[in-house]
Structures are given as C-alpha cells and as structure tokens.
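In the block that follows, a single chain appears as structure tokens, in the form predicted alone.
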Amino acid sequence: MNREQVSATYEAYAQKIGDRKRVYKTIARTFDVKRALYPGSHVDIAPSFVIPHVIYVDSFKGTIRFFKHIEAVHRLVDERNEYDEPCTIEFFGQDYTQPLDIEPVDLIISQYAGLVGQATKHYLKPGGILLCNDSHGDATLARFDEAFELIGVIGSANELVQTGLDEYFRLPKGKDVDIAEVKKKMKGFRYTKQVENYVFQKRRD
C-alpha cells in the first residue's frame, strides 16, 4: 500500500464517519495535547494531523493491514499536519483491553468502540482529557465515575461548550440512571439533552 492508497483508504473512511479533525483540533488546542491514545481507531488518522504523538490501538484485520504501511501513513500525515514538532505514530494491533506498554497520555479518544474510557483510563494523566461519545454508554460511565469530571461538550460547530452541563445525562421524568444496565447492554440511554461528544477531565490525585 503506497501513500496514494493509504490516502484513499483514509478518505473513504472519513467520508463514511465524517471528518473529525476539527473536533480533535479543538481539543488539542484547548488543552495543549501532545500525546493521545486512540483505542478502536480503525483507520481514522485525523488525530495525527493536529496532535504530534498518537498511539492507535485496534485488533481489526483491516486496520492492522493499514498500519503495516506505517511509512506511507507517516508521509500522508507529514503532508497535512498542523504542528512544528516531529510526528510520532504508534500502532498496537491488539484488543485495547489487553495491557499496553505505553507512557501516560494527555488525551484518550473514544469513538464508537465500546467502553474505551473505562478500559484505558489508567493510561491517562491526572488532569488529562477523555473525549467520548455515548454510543456504547462510555460517556454515561464516565459521567458517574468519580475519576472523571464533565467539563464540556462539543457543539454543533465543533467548538467546546462549557456552560449548561447540568442539563446533560438526565432521563425523562427524573428517572435514575442504571449503571449496571449500561455495562450489561453496552448502550447509552436516550437523555433529555444529548450531543455527539462529551469532554471529561481526569481528576488529579
């Protein structure tokens, strides 16, 4: 797979899921992110366009094939990145619930890949950021996890919104959130107010 094929593979996936680069850029610039962990990334290499060091983890065979051509991936990222530092890309072709030999990171990205935040939060620095959605209940579990604090949501223009956070994660008629059910079904609830992405900060020790 050459640089053009790597680019075509990424572009096809980005068209399918939507270009998330602006979301990652908002987080990277707001919180000065230099190292990120992206479990269940598939071939979404957009974080590397705005973050100098990104660690990708995925057990999917297609993703492992893609990252085998790491030099071509590097060339594509070098053409598009928006920072002055050298670019570092690491890839682990494994289940993200298995141990990873990595240093702590500034950011964990969780996008439609299961309960990423819960499985990998020990790799996140105190004060670090978890960017996640609630497709599998990951944001719900973070919201009711004492290790995390909800500090924002991503707005419709990919901006960070840090007001009105008490309005999120509320069920109709004041019902309580059943965390055990979320873990069992791996699915978030339909809350009275929702967004696609939530921003949590790991509490400092």
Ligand SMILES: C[S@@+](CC[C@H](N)C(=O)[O-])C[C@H]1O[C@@H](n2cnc3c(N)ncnc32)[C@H](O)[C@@H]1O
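All residue numbers refer to positions in the sequence shown, first residue = 1. For clarity, every value in this text was computed on a predicted model and none was experimentally measured.
Omitted from view is the form predicted in complex with the named molecule, to which the following refers.
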Would you kindly say which of H69, H53, R143, H42 lies with a heavy atom within 4.5 Å of the named molecule in the predicted complex? H42
Can you check whether T30 is within 4.5 Å of the named molecule in the predicted complex, heavy atom basis? no
Would you classify R20 as touching the named molecule in the predicted complex, given a 4.5 Å non-hydrogen atom cut-off? yes
If we define contact as a non-hydrogen atom of the residue within 4.5 angstroms of the partner, is S59 a contact of the named molecule in the predicted complex? yes
Is N81 close enough to the named molecule in the predicted complex to count, meaning some heavy atom within 4.5 Å? no
Which of 69-77, 99-107, 112-120, 82-90 has heavy atoms within 4.5 Å of the named molecule in the predicted complex? 112-120
Would you confirm whether the three residues Y13, T63 and Q94 all fall within 4.5 Å of the named molecule in the predicted complex, going by non-hydrogen atoms? yes
Residues within 4.5 Å of the named molecule in the predicted complex, restricted to 21-38 and counted by heavy atom: Y38
